[in-house]
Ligand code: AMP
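Below you will find one chain, with nothing else, as structure tokens; this is the form predicted on its own, and questions on how it binds or moves follow later.
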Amino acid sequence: MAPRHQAPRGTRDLLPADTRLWRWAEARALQVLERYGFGELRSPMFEEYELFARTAGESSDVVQKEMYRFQDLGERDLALRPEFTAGVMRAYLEHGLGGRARVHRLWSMGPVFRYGRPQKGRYRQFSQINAELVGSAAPGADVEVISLFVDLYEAWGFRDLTVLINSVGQPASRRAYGERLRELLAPFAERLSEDSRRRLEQNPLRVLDTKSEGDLAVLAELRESGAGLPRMIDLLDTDDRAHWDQVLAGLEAAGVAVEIDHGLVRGLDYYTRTAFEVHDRSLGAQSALGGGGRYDGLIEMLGGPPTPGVGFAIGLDRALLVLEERGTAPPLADTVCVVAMDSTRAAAQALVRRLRREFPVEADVEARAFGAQMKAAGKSGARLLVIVGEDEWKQGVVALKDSRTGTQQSVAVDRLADTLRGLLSGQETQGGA
């Protein structure tokens, strides 16, 4: 019999067996972000609808199809966040961060919401890691952010990634590019999808971001024709071209390999100059793992002073699904499991409470037999096993087994905390009797 209530379509529950991998991935990401000097900013999960509509662009799929928009009891027009950047920039302005320092490195992590067709690895509520470097227009900022982007994936074990990169120029060059694209695609309009026909009128660059097979066939045909598709980098002005060249040179110097993708435009309208994505080509057609770019006009669009910025978003659900399919498992948790016999159960309860003042400790609460406790300890994933035996306890010692190495030693009870501390910090400590 099915339960009366189930998770809404496009959402899911992450059970303890799942969250162990998630917590490991989040912790690894935090280590990398902190090494790059990024600080955490937590913004609300919902904002004014206009904030997202203005920044994402009225012609974007996010605004046209995917926004969770609602009115609250005060009849305010609100929306669940479909991405982080707009809310982070709103917070940047609201709290006057620009007046506190010239450059800010900010990261956020948490759920975002888009109404789309649920499929493997893609949900209506999903999790992102977002990073923004705000306040610098220098090509070095782009290089740092893209390097961070790649290093986060490598911290999770991804290798041989492909970074696709393009320049989408500034508004003037994009308008010129869009007009040229509109002229070239006009004869094919009847063959384009309804979405692309609408985009051709509102924002022709968005046609390049289509997922429709029919649209892709038209674009491929146009590329192979004598006219070909125009390349945005051919329309860049002198300053944009210099920025583009310096970004490529900086990435090469940093050892980040990239491929130029002239059709890369990203899905939101606020991008300027550099746009990028990371792909794992071993995944086949759906190889994109995340992306980002520069958005020098975004804060000005929100009513602030001209302030450059560059950032990215990583979809955790998609990345961790790939890791799970490849058999990636986090290391044994640095936890302790205490197992007792009937005669040492009371002593073990006191010992567990003392240890829990410093260490994560698992222990039986059902007075199960010793064998059942040992079996449960093996399944727990605990790094260290403390066995409180009757004879050993009378001698003031316990048995300590390290699941990682398989070694076992006798440790004096009054030195147990020191021994656990040494093992969990990576320093071998002999307990002694």
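Residue indices: 1-based, along the sequence shown. Not measured: the values here are computed from a predicted model.
This next part talks about the form predicted together with the ligand, which is not shown.
Visitor: Would you check, heavy atoms only and a 4.5 Å threshold, whether G290 touches the ligand in the model of the complex?
Guide: The answer is yes: G290 has a heavy atom within 4.5 Å of the ligand.
Visitor: Please determine whether G315 contacts the ligand in the model of the complex, using a 4.5 Å cut-off between heavy atoms.
Guide: Yes, G315 sits close enough to the ligand in the model of the complex that at least one of its heavy atoms falls within 4.5 Å.
Visitor: Since only the chain is shown here, I'm wondering whether G121 would be in contact with the ligand in the model of the complex (any heavy atom pair within 4.5 Å).
Guide: Judged by the heavy-atom cut-off of 4.5 Å, G121 is in contact with the ligand in the model of the complex.
Visitor: Using a 4.5 Å heavy atom cut-off, state whether Q128 contacts the ligand in the model of the complex.
Guide: So Q128 counts as contacting the ligand.
Visitor: Tell me which of 95-103, 349-357, 156-164, 307-315 has residues with heavy atoms within 4.5 angstroms of the ligand in the model of the complex?
Guide: Only one stretch qualifies here: 307-315.
Visitor: Of R90, R197, R182, R114, which residue is found within 4.5 angstroms of the ligand in the model of the complex when only non-hydrogen atoms are counted?
Guide: When the ligand is considered in the model of the complex, the option within 4.5 Å is R114.
Visitor: Scan 29-55 and note down the residues that get a heavy atom within 4.5 Å of the ligand in the model of the complex; none is a fine answer too.
Guide: Sequence-ordered list is empty.
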